[in-house]
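A single chain, nothing else alongside it, follows as C-alpha cells in the form predicted alone.
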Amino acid sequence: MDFFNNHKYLFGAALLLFLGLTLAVAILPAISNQNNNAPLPQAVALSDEAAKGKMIYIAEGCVACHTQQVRNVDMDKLWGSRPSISADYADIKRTDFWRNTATLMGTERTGPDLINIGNRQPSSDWHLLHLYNPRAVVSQSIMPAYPWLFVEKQNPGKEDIVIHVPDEFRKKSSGSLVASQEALHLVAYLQSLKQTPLPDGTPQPSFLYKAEKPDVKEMVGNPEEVALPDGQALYSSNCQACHQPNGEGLKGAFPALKESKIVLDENPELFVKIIMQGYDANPAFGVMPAVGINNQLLPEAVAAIMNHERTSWGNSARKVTAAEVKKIMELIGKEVPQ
C-alpha cells in the first residue's frame, strides 16, 4: 500500500491518467477526423472579404441565433437541398494559434438556418437593408438591427455602396446611408454560404419523415399541360423577402409586383427573363439577382410563381403554362434545369 502514501506515485499516476484520457478522447479522434474528412471537391474557399466577414459574424453574436446545419428531417428541406455531412465543415480552421473558431453549426435556431443563405438570398441589397433594419424586409422579425455598420453621408462617393431604405425606417436621417466595409465584409460572408454539391455518383443523404406529395408532373386536363406546384409557397421561399407578402415591395428598395406592367404583360417573355437572369435597369431599386438560375427553378416552378403573381393582390392576367415558360427559357439561351 506504499502507493497511496507516496505523493510521487499518486501525482505520477494522475498525470499518466490525464495524458491517456487526453490522447484517447481528444487527440486521436481529432487526428481521425482530420485524416478521414476533407472538403468536398467543389467546395470554394472563403475570399479575404468573406473571411473578414466571418469574424464580424462571430463578433456580432450571430452564432447565438443562427445555425449552419441542415438536419436529416423533412422540415429542414427549407434550408438546404440535402442534410449536412461532416465534409461541409472540414475546411473550418482555427482562428489563430491561440483561438479556436466559434461553433458555426450553432446550438439554437432562433433565426433561420444560414448554411445555404447565399443561394436562397443572393441579393446584397437585401442583406444590407436587412442588417440596417430587419423589420424593413420582414415585418415580424425579432432580429436586432445593426445601424452601426452604416454611416450617413451627404455626398457619397462613386465607390460608396448606398442602401435603399424606405422613408419610415430612416430614423429622420437626411443624407444617404452608406454601407461600411464591415457591413460589406459581413454580406460577402453570408453570400459565400452555399451548400456544396456532392460529387457525381455519391449517395445523397436522405431526409426522414417525408410528407406524401403528389407528382407535380402528373398529367391533368389538357395532355400538353402538367399540374403545377404550389405557386404561393414558391413565392414565399423565393420572392417574398423582397417583394413582401402583399406584393407591394418596399418603396425605394424593391419594386411592387401589384399592378406591375411587367407582371401583367400579355407577353410573359420579359417576366421570365427577369426571373431567370435578374434585373438592374431601374436605379431607384436594388439589383435583383438571377433567382431562377441561382435556385435552379424548373419551368413548372417558374410558371407557378408567375401565375401566383399574375392573379394575386388584385392582379388579373392570364395564366402561363410550363411549356410556354420552358420555350422562353430556351429562347433566351439559358439551360433549363433538369
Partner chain sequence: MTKGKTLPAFISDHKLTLLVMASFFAITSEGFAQQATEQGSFSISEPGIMIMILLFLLPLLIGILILVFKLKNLFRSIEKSDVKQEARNFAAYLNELDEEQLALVQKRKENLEYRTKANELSGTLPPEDARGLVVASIEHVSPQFIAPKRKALPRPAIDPRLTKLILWFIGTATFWLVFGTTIGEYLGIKFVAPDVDQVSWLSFGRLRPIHTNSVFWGWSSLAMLGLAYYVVPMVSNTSINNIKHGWLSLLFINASVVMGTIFLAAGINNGGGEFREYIWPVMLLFAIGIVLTLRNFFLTVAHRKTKEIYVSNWYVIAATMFVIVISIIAYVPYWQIGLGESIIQGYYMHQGVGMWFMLFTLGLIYYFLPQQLNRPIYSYSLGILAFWAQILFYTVIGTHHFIFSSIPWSLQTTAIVGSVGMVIPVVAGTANFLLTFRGGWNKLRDSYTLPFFLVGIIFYFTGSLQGTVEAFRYTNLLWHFTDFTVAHSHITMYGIISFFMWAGIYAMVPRLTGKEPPQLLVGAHFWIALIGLMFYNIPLMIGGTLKGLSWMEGKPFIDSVVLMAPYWLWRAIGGSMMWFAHLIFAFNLYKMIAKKTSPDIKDLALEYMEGENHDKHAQPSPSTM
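Quick caveat, the model's predicted, so the values are computed rather than measured. Positions refer to the first chain, counted from 1. So that the term is clear: the rigid core is the largest set of C-alpha atoms that superpose within 1.5 Å between two forms.
The following text describes the form predicted in complex with the partner chain, which does not appear among the structures shown.
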message: Based on heavy atom distances of 4.5 Å or less, which listed stretch (56-64, 309-317, 268-276, 287-295) is in contact with the partner chain in the model of the complex?
response: 56-64
Answer option from Val162, Val73, Ile262, Val151, heavy atom within 4.5 Å of the partner chain in the model of the complex: Val73
- prompt: So, in the model of the complex, is Ser47 in contact with the partner chain at a 4.5 angstroms heavy atom limit?
  reply: no
query: Does the partner chain get within 4.5 angstroms of any non-hydrogen atom of Pro41 in the model of the complex?
result: no
Partner contact for Ala51 in the model of the complex: the partner chain, 4.5 angstroms, heavy atom: no
field: Non-hydrogen atom contact Gln34 with the partner chain in the model of the complex at 4.5 angstroms
entry: yes
query: Going through 81-106 from first to last, which residues have a non-hydrogen atom within 4.5 Å of the partner chain in the model of the complex?
result: Ser84, Ile85, Ser86, Tyr89, Ala90, Ile92, Lys93, Arg94, Phe97, Trp98, Arg99, Asn100, Thr101, Ala102, Thr103, Leu104, Met105, Gly106
query: Core-aligned, does Thr103 move its Cα 2 Å or more between the shown form and the other one?
result: yes
task: Indicate whether Leu28 shows a C-alpha shift of 2 Å or more between the shown form and the other one, with the rigid core used for the fit.
output: yes
- prompt: Did Ala233 and Pro197 drift closer or farther in the model of the complex, going by a CA distance change of 3 angstroms or more?
  reply: farther
